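To begin, one chain is listed below as structure tokens, in the form predicted on its own.
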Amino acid sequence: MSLRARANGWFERRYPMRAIREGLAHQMHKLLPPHVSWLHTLGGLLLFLAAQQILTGILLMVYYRPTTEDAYESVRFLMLKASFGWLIRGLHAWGATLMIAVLVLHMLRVFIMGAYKRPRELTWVGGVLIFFTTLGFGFTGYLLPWNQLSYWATTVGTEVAASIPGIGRSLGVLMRGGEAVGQETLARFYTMHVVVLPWVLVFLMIMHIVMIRTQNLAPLEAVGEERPLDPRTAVSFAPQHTSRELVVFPLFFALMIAVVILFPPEIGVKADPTVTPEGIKPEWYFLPTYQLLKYLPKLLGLGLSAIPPLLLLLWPFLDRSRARRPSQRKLSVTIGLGALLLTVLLGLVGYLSESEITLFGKHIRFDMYGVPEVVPAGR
């Protein structure tokens, strides 16, 4: 018996290598529904982005120092002096934004195709929890550079949480570690960002992938009318679907590098709690909620802003129709697209609010509610 065969036998008696190989081979050759297309690579792209965020985050931790005295300078050193530090931070910063954008597109694809219906309700719930966790990454990571924009945006965000009736003040103190954003806040956000949330995300993604691979991707037939996949028309996971992902991943990564080079994340000015800058706003994914709260009394605004996340979680249990095809779910699709359009509109108004632009030679100023006013020449 050869040395290789003896080594394989030794490992096989102690570790189920053959069972693992057979399981992987089964998953690689699994058939997917015939409607699976390039849009279905969004899920794999999310896994790619999550891995990139973890890797670049680990590299950033080598230089980053989570103290109010050193955080800003450590980011500045990373951007200006460390070898390829600008690239690592750029990939991490843009990766966070793009991960949320791809998540929204992925969830939209699942929603439009009715892939959340029985028996995949919990798969959808897991995806929504991944979305919330990713937003948590965005919120906690935004403070870490400790510049003026991040400091005051975090101040606004924690004040919104502190205004929740009943538990608000305790929640605000828990988030900030005191009455104001400071060293305790930075330490807590850093711990959440690099310790707690990564474990939560990894757990949720593993569970999500296991459920998808166990249940397979949803067909377009109505619930209870699913037909066995025909090998002649079905899409094989490998090599058909994996070949698409192997095309998408490097192209997307090349696009990310181009974006980092053309639009590098700013260093900004070091945080100064004594100077409040004008026009402080949260990141784009929180802008719709931020703008909504301007129009309504605080209690009503907070109540309404809690409805969309709740609907996202419960939607598979609220939509009881058996149909999956978009043409047979006109009401559901209309509600979903209407909610998305309203969210985009609120985000756009929030982006323009408290700013000035020049359009067709006219100077236009937007107030805090997004109402435009033409500024006369000379003013």
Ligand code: HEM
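Bear in mind that the values here come from a model prediction, so they are computed numbers and not experimental data. The numbering used is simple: start at 1 and walk along the sequence shown.
In what follows, reference is made to the form predicted in complex with this ligand, a form of this protein that is not presented.
With a 4.5 Å cutoff on heavy atoms, P145 does not count as touching this ligand in the predicted complex; it lies far away. Using a 4.5 Å cutoff between non-hydrogen atoms, L341 does not count as a contact of this ligand in the predicted complex. Proximity of R89 to this ligand in the predicted complex: non-hydrogen atoms within 4.5 Å are absent; the residue sits far from the partner. Taking the partner from elsewhere, L293 is found to have every heavy atom lying beyond 4.5 Å of this ligand in the predicted complex. A single residue from the set V333, L31, A323, L46 has any heavy atom within 4.5 angstroms of this ligand in the predicted complex; that residue is L46. Among S236, S74, T123, S305, the residue placing a heavy atom within 4.5 Å of this ligand in the predicted complex is T123. Taking the partner from elsewhere, every residue among L42, V110 and I209 has a non-hydrogen atom within 4.5 angstroms of this ligand in the predicted complex. Note that among 176-184, 112-120, 151-159, 224-232, the stretch whose heavy atoms approach this ligand to within 4.5 Å in the predicted complex is 112-120.
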